[in-house]
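Below, in structure tokens: the form predicted alone, a single chain.
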């Protein structure tokens, strides 16, 4: 049985707790949070009776976890990840990996030296519809991918403790916290772009909406994406993409039913099947697996890697650092109004 400590028990920390409670071979043994009243209330709501710690050092000494799951504000990721890795713990870290390339490099190097397992929470690589789309692209059923457009839009986030999400010094703004999901998926599906051209909207929370065109060379597909959270707070959330192939098209819209559709050849549009997480992993679980989607899949994959002593191949620290590099280049492009090459090295 692998023991887990979750660092940060806000929205994502409680989400992870629900998932760990449904996975075999893993048990939560502690929570780290500097807001004890709020964390205790959330723990009570989940029926979670474990110690609450104020520091990673205390948790490592007292709970002796095998895994540290980091769900803290982004500016703390590097400190907690490096400390946990140097202590010989396996680490799952929420995205984005860090705020800067230097921090991301430090984490990736520490992970490499540690001999333990680390995975980053780029959940779109594990999201059922996006996985089905990836399989469809690889199958070649519709021929060559000609173009791909992705969107990720949200109402202004007003739920973070101390409103840290709207402080770009702590979160990196919508570009780094929200839009990076699609940047990472582009890396996963197509690879690192040669260059980016970005424009956007900047306000008190940093780059709150960004629009980017990616250069994959004359033989690559045309790829664009946009991401932002400067919609009204009650607007809601949408993730979507549209892909055009030589012989068809695939569309995804998280707010549609069905969410994923295929138009192939002369046939009318129809649902494109995808697999949802299986129930029954544990009889003590809580939560709605259909809504947990990629969050469930990514943590299950991580725990499986820890069990088997096998390094993950998807959402690795290096891959997360590469996606961060591209996103930071987009921010620089938007700030300068110039097309910029994406660095090939971390």
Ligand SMILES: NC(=O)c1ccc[n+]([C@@H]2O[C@H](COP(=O)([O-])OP(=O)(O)OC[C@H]3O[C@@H](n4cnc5c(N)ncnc54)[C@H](O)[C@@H]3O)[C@@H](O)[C@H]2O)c1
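Numbering follows the first chain given and starts at 1. What you are looking at is a predicted structure, and each value in this text was computed from that prediction instead of being measured.
The next section is about a form of this same protein that is not shown, the form predicted together with this ligand.
- Residues with any non-hydrogen atom within 4.5 angstroms of this ligand in the model of the complex fall in just one of 215 to 223, 200 to 208, 253 to 261, 77 to 85: 77 to 85.
- Contact with this ligand in the model of the complex, defined as a heavy atom within 4.5 Å, is made by none of 4, 30 and 48.
- Of the listed positions (233, 169, 161, 146), a single one reaches within 4.5 angstroms of this ligand by any non-hydrogen atom in the model of the complex, namely 161.
- Listed residues 125, 89, 95, 187 were compared with this ligand in the model of the complex; 95 is the one with a heavy atom within 4.5 Å.
- At a distance threshold of 4.5 angstroms between non-hydrogen atoms, residue 196 is out of contact with this ligand in the model of the complex.
- A residue is said to contact a partner when one of its heavy atoms sits within 4.5 Å of a partner heavy atom; residue 142 fails this definition for this ligand in the model of the complex, lying far away.
- Shown alone here, residue 72 lies within 4.5 Å of this ligand in the model of the complex, counting heavy atoms only.
- The closest heavy atom approach of residue 9 to this ligand in the model of the complex falls within 4.5 Å.
- Of the residues in 174 to 209, those that come within 4.5 Å of this ligand in the model of the complex through at least one heavy atom are, in sequence order, 177, 181.
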